[in-house]
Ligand code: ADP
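The data below hold one chain only, encoded as structure tokens and taken in the form predicted on its own.
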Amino acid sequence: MADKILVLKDVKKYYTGTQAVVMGLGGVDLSFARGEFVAITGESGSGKSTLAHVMGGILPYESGEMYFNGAPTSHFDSLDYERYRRDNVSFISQNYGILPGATVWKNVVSALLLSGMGRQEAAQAAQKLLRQVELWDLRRRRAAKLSSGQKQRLSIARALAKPAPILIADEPTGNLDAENSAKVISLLAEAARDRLVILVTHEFAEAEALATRRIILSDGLVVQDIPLRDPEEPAPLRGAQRKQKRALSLYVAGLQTGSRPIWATTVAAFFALTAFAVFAFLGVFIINLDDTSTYQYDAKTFPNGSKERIIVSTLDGSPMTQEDYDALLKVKHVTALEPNGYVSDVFYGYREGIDYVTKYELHISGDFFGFHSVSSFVSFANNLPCLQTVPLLPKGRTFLAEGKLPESFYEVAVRRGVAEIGDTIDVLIKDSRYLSDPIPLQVQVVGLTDYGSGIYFSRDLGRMFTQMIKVSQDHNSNPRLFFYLPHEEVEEGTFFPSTSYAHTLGDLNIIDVSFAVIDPGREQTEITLRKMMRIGDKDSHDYPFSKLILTSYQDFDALTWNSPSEQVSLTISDYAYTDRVIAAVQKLGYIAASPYRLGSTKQVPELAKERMQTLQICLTALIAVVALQILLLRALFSVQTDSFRILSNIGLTSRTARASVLWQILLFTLLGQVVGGLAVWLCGCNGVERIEQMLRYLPPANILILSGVHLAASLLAAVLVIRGMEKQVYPLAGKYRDLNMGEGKEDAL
């Protein structure tokens, strides 16, 4: 009895229907040894397949005992039967039981690798097996494209690859012609050299010449057990390896994916679509968490509320140096630096009719002399450009495209298209906080630039405004503007600054001249700039303008040399980078703030409501995408159930199966995020406003959040996929302890 691998004692099996109990096996007593080639025959319904399935651990039995290697199996649960089938039984069925999407080579090699064999050894063994079943020349063909006979031979090769001591073939020749049937029977007989081979067949004549034993069943009972010839002494069988390498899960993942190219493409596209949706909806949700856009800007503190402006000052209030400028210009997303930060809150107009409109009123007195007078005032637009001097740019960027940099108050550089070199432009400078009247200034274009927009003044203008603010704040006095003369020698009576405007009002020709009379006998002349209107030969009244201190350039330089600004203005490429730039500047040891945020103090209810609706829509859509991802992913992976069942029969453990599913989902998630991220980037590059804004707004940390949410949804889906797979293929994996296979061995003896 010690040589017997399988022993059945009074084994009974019943099938329970809705109205009756049908006997499948009625007390079977049989024993089998390795090296036997047993043919089980009988009429349809005689119990042949039932007996094969009981011996193979596919069906449990109700009474009696079946011993495997001397150990009882009557108290096996589902997990024990699963391990029994996995480790000890190879199946060949009428429907082949192969992986149709995998190649012939992969079908055989997979069985060898799952048995614990190394890759090199498995390759050598696979070659031998495929040559044995005459499929070596077709090794690269997908199994689905084989003929019926070739599929059955592949099924035998795959079964032989598994080092199981029992091989059960249930009607393996049912769909084959005589020639292929003979080849299959011959292969099974050869397999019996080192294992027990049980053949269930209707056509005993096919196996009569090679079978060592015939068992005839009728109505679930053994009616004949006929020895035909003595089996040969079985050769040693390579033992199955229980420990599988971790890398095997990657192999199984690749096998499952590679054997279904259309399915894999569909899943990859699905992951890319969900990644795109998660990135888009969650990205828009994150950027709308900043509610600054729902507030109305108040220009009291900072007249210039440009979103792209950041003001920076030193911690101790000391003036900025060139070293400070260089450090700030190295901050990412900073595109320019205005050294005299105050001028960014001063505005200017240079396009009459767009930036400002000059209006005139004619006054006619009713006295005897009929004195006429004309008064004028300037009305400015609400969206004036802010004053800008020649900026400092990051290293590697060039400001000037043509001409030269402005060297005095009266020279400017302009953006191409505004004017040409040599043109003169009449400018009105408006400072609503410190000056009651605009400053007229006539300037000449000396340089052109491709940077920014509008007009760029000399940095001396910034120095003048910085000194004006310091004098005003330090001495609590009215502001004084320090102008230097355009030439060193100025004759008495020179008009300064020299600006003029010619207009027509009815039949009257009007010339508006702003001027100052220079007294060259004094080093500095403090004057009141006045306006004078001329109508024909009659002079109008003079009106006070602004206080100026006129001096030479040397004196101007001496007066303003100690007026470097302790506050500068940075221009960033987009408001979206505000937080990142402020954080980087503060890390360098400076104080930084966004005027736009500081001035946005009053919330607009309509804008706040619109923002909340956007947040709700994005959150709802995000939840829907995640739920859809989980549900559809489980459905998509359900097609792998049959493959996992086949692989489990040839040695795939539940642990390796779980890991292979996880690897697949992780790889598809990564691929989907790459493709989805690329799609988001392309949408941003092609002008999709929301996506473009999102790409600029989100720092790397938030991008990781987007990827993390998509990954979390994928992992949750993976848990459900794995549970579904285990329920179908490994229903009780890990729930019960293994039985001691040695218990009851003495009962089998």
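Worth saying up front: this structure is predicted, and the values here are computed from it rather than measured. Under this definition, the rigid core comprises the largest set of C-alpha atoms superposing within 1.5 Å between the forms. One-based numbering along the sequence shown.
What comes next is about the form predicted together with this ligand, which does not appear here.
When this ligand is considered in the predicted bound form, residue 70 lies well away from it, no heavy atom lying within 4.5 Å. Residue 43 belongs to the set of residues with a heavy atom inside 4.5 Å of this ligand in the predicted bound form. Contact between residue 34 and this ligand in the predicted bound form is not found at the 4.5 Å heavy atom cutoff.
Interface residue remark: residue 47 is counted as part of the site for this ligand in the predicted bound form, having a heavy atom within 4.5 Å.
The partner is not drawn, yet in the predicted bound form one stretch among 47-55, 713-721, 692-700, 679-687 has residues with heavy atoms inside 4.5 Å of this ligand: 47-55. Relative to the superposed core, residue 699 shifts its CA atom by less than 2 Å between this form and the one not shown. In this overlay on the rigid core, residue 70 has a C-alpha that sits less than 2 Å away from its partner position between this form and the one not shown. With the core superposed, residue 686 shows a C-alpha displacement below 2 Å between this form and the one not shown.
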